[in-house]
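A single chain comes next, written as structure tokens; it is the form predicted alone.
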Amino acid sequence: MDSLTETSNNALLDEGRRVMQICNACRYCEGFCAVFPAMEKRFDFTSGDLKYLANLCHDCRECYYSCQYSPPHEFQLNVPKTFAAIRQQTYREYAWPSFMVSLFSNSKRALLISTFIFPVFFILASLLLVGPDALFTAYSDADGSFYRIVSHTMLVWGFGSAGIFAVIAMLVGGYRFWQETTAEKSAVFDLRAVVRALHDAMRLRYLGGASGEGCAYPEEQASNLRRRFHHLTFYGFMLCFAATSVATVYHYLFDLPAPYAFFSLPVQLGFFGGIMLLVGPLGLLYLKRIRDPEPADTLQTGMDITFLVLLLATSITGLLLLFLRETGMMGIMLVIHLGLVMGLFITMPYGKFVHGIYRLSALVKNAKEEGV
């Protein structure tokens, strides 16, 4: 970390301490979410405390609109914006390997690489390996159309390696986050705390607001839209993952290679997952466009948009591939889709996706502190 970056990070943490000390004296927002009860357990705020609280924050924004000290008050308290900036800092600080952080820290560069460079590389590679005639030829499902363009072995080794790398990189980042933010290391082995954290995460409990009517997003009025679009995005992603897992079982256990019929289990899981990954990211992008910009952090917004656009592009090309798989457009759609999926895998540990690891860790720590 260079001296300029370190100075900037220290200034951000100093601002986080100032904000938390004022909030700790006021405590008006203690019933809004998990952050403020956790804050009240502390008198001083270490770097680890601030990073824990920032990742425990779900950016529901109720505290911003309820705060008597938010702008234009001279105290200029803006908890959502401050915590968003600290979260973004943790994504960079704990990421591994460090040289990849520099490559993907700029959201525009990350978007260019993941949604353009990788697909173009896959197109050029396919033109070189199978030629343009094969790439634009129509194949039937019985011909094993996908494998006429990319062999099963190449898919397994290429995407298996990328997936393993992404998992390892995110686990290393999660471990680093846990090491700094949690003094009681045994909390991660507390089954009750883990179950409670998973329950809160799966329900997005803290996007429900204090009343359960939703968070103050995109504007001051309570709304559950953000919560619903997040659910569609997350569970759509999980359905697509399930589709790949079921297809793997079909291939290796039952000797049934892809492609599969439309009403088969893998295709249905992928189809509905793809639809959810269309609606969810589109809804979240729309909410970001109409939201109040004051409680938002610019760098975090760029990271969010990059991730949502990549998910959206992946789902669109996946659905197009499903419906064009016996036409002459199948080959080009396949390599574009594979390029986007590879871009998603490689950028996962350095973008918004990794926040799920840190937030779940924060929820486990919070459950443990609450004595669940």
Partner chain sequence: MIQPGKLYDVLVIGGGNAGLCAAITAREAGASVLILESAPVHFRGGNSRHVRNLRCVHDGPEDVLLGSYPLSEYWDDLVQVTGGKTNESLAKMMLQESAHCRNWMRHHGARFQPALGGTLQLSRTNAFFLGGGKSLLNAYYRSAEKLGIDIEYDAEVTDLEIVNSQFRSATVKRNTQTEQIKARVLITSSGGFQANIDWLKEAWGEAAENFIIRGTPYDNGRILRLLMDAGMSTISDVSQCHAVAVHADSPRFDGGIATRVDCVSLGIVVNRHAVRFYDEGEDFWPKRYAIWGRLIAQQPDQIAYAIIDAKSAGSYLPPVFPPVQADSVAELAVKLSLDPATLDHTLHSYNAAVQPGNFDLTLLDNCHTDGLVPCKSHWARKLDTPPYRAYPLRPGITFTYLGVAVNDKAQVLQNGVPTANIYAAGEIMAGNILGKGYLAGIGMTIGTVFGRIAGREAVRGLTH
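A quick note: this is a predicted structure, and the numbers were derived from the prediction, not measured. Numbering follows the first chain given and starts at 1.
Same protein, other form: the form predicted together with its partner chain, not shown, and the subject of what follows.
Only one listed stretch (46 to 54, 60 to 68, 334 to 342, 310 to 318) carries heavy atoms within 4.5 Å of its partner chain in the model of the complex, and that stretch is 60 to 68. Taking the partner from elsewhere, Phe75 is found to have a heavy atom lying within 4.5 Å of its partner chain in the model of the complex. In the model of the complex, at least one heavy atom of Cys26 sits within 4.5 Å of a heavy atom of its partner chain. For Gly328, no non-hydrogen atom is located within 4.5 Å of its partner chain in the model of the complex, even though that partner is not displayed. Though the partner is left out of this view, Asp141 does not reach within 4.5 Å of its partner chain in the model of the complex, counting heavy atoms only.
Contact annotation: of the candidates Leu285, Ala210, Ala201, Ala169, the single residue with a non-hydrogen atom within 4.5 angstroms of its partner chain in the model of the complex is Ala210.
In terms of contact with its partner chain in the model of the complex, the residue from Ser245, Thr153, Ser98, Gln221 that brings a heavy atom within 4.5 Å is Gln221.
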